[in-house]
Ligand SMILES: C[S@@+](CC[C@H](N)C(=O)[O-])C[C@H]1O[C@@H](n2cnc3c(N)ncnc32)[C@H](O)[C@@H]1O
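Read the single chain below, which is given as structure tokens and is the form predicted alone.
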Amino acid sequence: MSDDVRTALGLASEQSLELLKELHILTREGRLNQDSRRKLKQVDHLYRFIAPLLAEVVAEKGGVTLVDHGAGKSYLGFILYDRFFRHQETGMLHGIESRAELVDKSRALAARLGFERMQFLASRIEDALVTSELPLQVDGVTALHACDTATDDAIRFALTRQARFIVLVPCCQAEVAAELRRTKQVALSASGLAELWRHPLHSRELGALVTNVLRCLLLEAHGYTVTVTELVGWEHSMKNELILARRHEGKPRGNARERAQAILEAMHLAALSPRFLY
């Protein structure tokens, strides 16, 4: 493929065309359909955020260990390995996915491509937290569109394994919205603030926002600095929020836990305290 064609498709010069075809992002004829273009744009933008963090760790330690949670078909993991890890002498990328059939396919693809420092584990989060198949300490944790509470699981894993950085693009999360609906009548009788989630559509949208605010406060309470931004334009994905967290050596934000607790109490979400306060 010529450089002009690569540029027209928006591909980096080092990207493996074979990989993109195996991931069905490119057709066998080397074309991109609209869905694939959106998918590639999301992953490419996320790579641009993650690559400097990986390079920073490599410069300091000589290698980097990354865990991709809720990996699914491992689009993100394969792109990261292709564009970064295969150009390094050391380093390991672990993909964690609960569906064994997807893990088997990812293992087979990694073997075909010669991605030797890419490993996959079929595991639930409860098992991943204690397994000896993963290092006790990791440098980074990513989770791209991990559904429902899987993003929270990735955060818990990252905190347990003392990750230096965490990169999250949350997907839908129904737990907070369900609790808002369950306690709605009590909340409405207590405060006009509950009008914010009286309607089901509002409870769903507000539930997603509150979930991510509580996730950020949890990370800050554990000593991370947090940045929240958009990943790509909304025309490419409605699940567009990017949470970047970096562990720092100073004291954690002193009031982060108290602010989270105040939100949970004010919105009658105390039942979810174990998820967001630990």
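Remember, predicted model here, so these are calculated numbers, not experimental data. Residue positions are given as counts along the sequence shown, with the first one as 1.
There is also a form predicted in complex with the ligand; it is not shown, and the following applies to it.
Legend entry - Interface membership of R107, the ligand in the predicted bound form, 4.5 Å heavy atom rule: It does not: once the ligand is placed as it appears in the predicted bound form, R107 has no heavy atom within 4.5 Å of it.
Inset, instruction - Find out whether any non-hydrogen atom of E126 is located within 4.5 angstroms of the ligand in the predicted bound form, and reply yes or no. - result: E126: contacts the ligand in the predicted bound form.
Legend entry - I166 within 4.5 Å of the ligand in the predicted bound form, heavy atoms: No, I166 is distant from the partner.
Legend entry - Any non-hydrogen atom of K39 within 4.5 angstroms of the ligand in the predicted bound form: Answer yes; at least one heavy atom of K39 falls within 4.5 Å of the ligand in the predicted bound form.
Inset, instruction - Considering the ligand in the predicted bound form, find the one stretch among 187-195, 172-180, 146-154, 85-93 with heavy atoms no farther than 4.5 Å from it. - result: Every other range fails; the passing one is 146-154.
Legend entry - The unique member of L206, L159, L102, L134 whose heavy atoms fall within 4.5 Å of the ligand in the predicted bound form: Exactly one listed residue reaches within 4.5 Å, namely L102.
Inset, instruction - Go through 47-77 residue by residue and record those having a heavy atom within 4.5 Å of the ligand in the predicted bound form; state none if no residue qualifies. - result: Those in contact are G70, A71, G72, Y75.
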